[in-house]
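Same chain, two forms, each on its own as C-alpha cells: structure 1, then structure 2.
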Structure 1
C-alpha cells in the first residue's frame, strides 16, 4: 500500500466499503473521513483488523519493477567478470579533516592531465597508486553514502573513517561508523592530524576498540593508518591499505554490458544543460548511448572525466560527467543505458509522471486530523491523551530522509504516534509551510532551508520549523519534547542573502562569487550557508568581501560585491549565499 493512501482508495483493495473502514477506525478512537490520507499506523491497524498482510511503500514503488523489466537484466556470467577499482567513501566527524584528506590524496596521486590538470569537483575522482586505481567519492560524509544505499545501490566498497587524533571519537564518528557497519562495508580508520602537538593516536585506537574495531597492530583486523592530511603524510600508506582491502574483497565487474551506474551529483549548467556525474558500476558507458536516470533521459552527448577531459568510454568504477539529459536527474538515481531511445523515454516519462502524482498527493493530503506539534506534545502526554505528532520531513538527499524517518519511527511510543504528512527531498517551500498550517504539523529539515517566502510565511503563521544537520540532535529534541524538557533553542537570525550572479577565478585566491545582495547585510567573517535549490551544500565563513577592488567590511541590500569562501570553490550562478547569526531564545 502506498503511504498516505485515503480510505476511499484503500477500501476497495481490501474488499470493503469506505464506511466499513471509517467505522473500524472510529472504534479505535480515530475520527477520519473517507477522503483523508491515513497515517502508517492507521493503514496497518486496518490491515491487522482484517487479517490482511500489507507492505507499506512510498507511492509508486510497485510500478518501478515493471519499468525495469524493459532493460537487459541478466546477471553477468562469471567469465565476463574482471577486476575493478574499489570505490571509497570518506566519513567522520565534522572538521576531522575529510575534505582535506580527499584533497591530499588527489594532490598526491592524480596524474595531472595535459590539459593542465585543473581539478574538477564532479562528485568523485580516481587516484592511482602503483598502477592500481582507487575511486574516491568526493562528497565526504555518510549522508551521501546512505542516500545511495536507500536507493538500493551499494556504491561504496570501502569506508575510510577519519578520526582527528587531537579530538578523538565524536558523535558523528559513531554515526558514520554505524552507517558503514549497517552497510557491511569494510572500514579503514584514518587517524588524522597526527602532526598536531596534542595528537593522541593511541587514544583513538582505544576508543575504536570500545566500538569493537581492534587495530591490526593490537592483534585485530581493522587497519588504522596515521595520517596528516595537512602535511600529506601517511597518504601512501592509506592508499596501500585500501588496495589491500580491495584485494581481499575481490571486486569485479563485467565491462561488456550496457552500463549501469549511479548519479552522484547533478545540476543544470547554463551553457551545457543538465550535467550529471555518473559512477559507472557495471558495464561500459559510451558517447551516443541512450540513457535514463530517474525521470530524466537522453542520449550521451559527451562525457568528461574528473579533470575535465573529454572521454568516449567509461568503464566500471569510473566517475564521469554525462551531458545530454533532457532534465536534471537526482543524486542517488540509478543511471542505465537503455536498449534504445524509445525505452529510455518511456521509462523516464512514467517515472516523472509518478513523481508529479506523489507531489500532488502530498499537498492534497491535508488536513491530516488534529495532531500536535513538537512544542506542545508534552501537555498532551501529561493529560494522558494519545497524541499524534504530525511531521513534514524534508532532507537534502533520499538517504538522510530515509535514515531520519527510520530513526523517528523507532521513537514512536504507545502514547505518541507519528504521522508523516509529507516527506521529500529538497528545500522547504511555501507549499510545505501551507501543508504544515493545515495539518498542524512541525516541519523538520535536514541540511535544507526554507526559502525566503516559506520562512516569512512560517514566522507569520507560527509554524514550527526545526532545522538539523545531525540526526541524533533531532532525536534528542523529539525525546526531550516527549518528557517536556525541550532545551532552549538557538534561533538563527538570517542577516543577509546574496545571489551569485557570476563566478571569477582569481589566480592564487581561487574562485570569487560576483554577487548581488538581495536582502539584509552581508558582513566579512560572517557565518554562511551556501544554498543551491534550497539545499545547503556548504557551510562556513565569508573569507573575503570586496566592493569593486576594495576590501569591504559589509555590503547592504541592493549592492553588488565579490565574495570569496576560501575552502568552497564549487560556485555557480543562481546559488544563494545566506549569512546568519545564532541567538538563544528562552523557552516557555
Structure 2
C-alpha cells in the first residue's frame, strides 16, 4: 500500500466502497474526504478494522524494486573473488597534521617527472607500496565519513586516527574515534609530529589505552605508528601497517561484473556538466556503461583518475571522476551500471518521482536507523527483551559531563543497559545528529543547544534530542521511561534566531545588540536563550526591540534589528539570541 493513498484508491483494494471507509474513519473520530491523502495511522486503522494485512511502501518504491531486480545479481561465487585494495579514511583533530600526512603519502607516490605538474584533487586517490595499491578517501574529516554512513554507505575498510605527539588526545580526536568505532572498522593510530622537541609518543599511547585502544608493543592489538608528515618519516611503516591490516581483513571483490559503487562527492562543472567522484566497490566500470545514481542517470562519457588522466576501466576499490550524468547525484548515493540506458533512466525517474511525492506529502517515513527513543524502552522491557539505550551526551563543562555520566550509569538495570556512543563538551552539532542516526542513539544535552542545522536535521531524521538544565529532571525521565510512566512534557518550539553583529552602548539604557535575524520571527517579550558557541549562558526575556529607531513588535528573518535584554549586558558579536515558546505535548 503506497503511503499517502486516498480513500478512493484504497477502497477497491479492500473490496469496499469509499463511503464504507469514510464512515469507518468517522466512527473513529477522523473526518476525511474520499480524495484526501490518508496518514499511515489511518491506513493501518482501516486495515486492522477489516482484518487485512498490509505493507506500507513509499510512493514508487514497488516499481523501483521491480526495476532494480532487473540488474540485481546473486552474491559473487568464491571463484569470482580476487584480492582488492583496502579503502582507508584518515581522521583526527584539526591541526594534528591530517592533511600534511595525506600530502606526504601522495608526494611519495607521484612520479618524479610529474612532481612539477598540477595534480587534480578528486577527494580520493590511490597510493602504491611494494606493488600493492591502497585507496585513500580524502574527506573533510569524520563529518563527511559519518554523514555517508548515516545514509547507509559503508565505504571504509580501515580508519587511520592521526594524533599529534606534542598535543595528545583532543576533543575532536575522541569524536573521530567514536565515529570509527561506531563504523566497526579496524583502527590504526598514526602518532604524528614526532620530530618536535616536546613530542611525547608514549603519552599518546597511554591516552589511547584509556580509550580502550592498547598498542601492539604493550600487548594489545592496535597498531600505532610514529610518523612525521613534515619530514616524510614513518610513511612507509604506516603503509606497511595498513597492508598488514588489509591482509588480515581478507578484502575481496568480484571484478568481472557490472560495477556497483558509491558517490563520494559531486558537483556541477561549468565546462563538463555534472561530475561525480565515485568509488567502485564491486565489479568494473567502463567508458560507455549506462549508469544510475539516486535520481540521476546517464552514460559514462569519460573517467579521470586522481592525476587527471583519462582511464577507460575502473576496477574494485578504484576512485574515479565520472562524467556523463544528466543531473548531479548526492554524496552517499549508490552508483550502479544498468543493463541498458532505458532501465537506468526508468529507475532514476522513479526515484526522483518518489522523492518529489514524499516531499509533497511532507511526511517522509522515518528512515531506517532513526533515533531510538526513551518512550520505546518500556515496550522492550514488557516483551522481556534486554534493551540497550544508546546515548550521545553533550554538556557545557567537563564537570557536568562526568556528573551526568556517573548518575546515569547508576540507573542501569539488568534489562536496560546504557551505552555512551559519545560524550563531549560544547553545543550539539550536525555531526552529533549524524552519529545518532548511524548508531540509533538519543541525544541528551545539559545547558547546551543544537545549532540550527543540527536541529533541522534532527527533526527531519526523527532523532530524539532531549535538553536539560537540572540533572534530576534527566534521571527522572530515564527512570519514568523504564516503568512506562513518562509524564506529559513541554516541547520548546524555537520561534526565531538572531545573530549579534555589533554591540552599542546607549546612555541610561545600557548595551544593545545590533542583530541580524537568521530564521523565524523575533518578538518583543519573547522568552530567550543567549548562546555562545552553542552553550547557554543566560535565559530571560527580550526587553526592547527596535527597527532603526522605531519600536517594533516583531522582526522577521532577513532583517536587522536592535535587541535589549532584561538584566543582561555581556554581549559579544557572533553570539546567538534564540527565542522560543513552550507548548505542552502529551506522551504516546
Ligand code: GDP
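Residue numbers count along the first chain shown, from 1. If you superpose the two forms and keep the largest set of C-alpha atoms that fall within 1.5 Å, you have the rigid core. All of these numbers come straight from a predicted model, not from anything done at the bench.
Where the criterion is the form predicted in complex with this ligand, structure 1 meets it and its counterpart does not.
With the core held fixed between structure 1 and structure 2, residue 218 has its Cα displaced by under 2 Å. Core-superposed comparison between structure 1 and structure 2: the C-alpha position of residue 282 differs by less than 2 Å. For residue 505, a C-alpha deviation of 2 angstroms or more is recorded between structure 1 and structure 2 after rigid-core alignment. For residue 431, the displacement of the CA atom between structure 1 and structure 2, after superposition on the rigid core, amounts to 22.4 Å.
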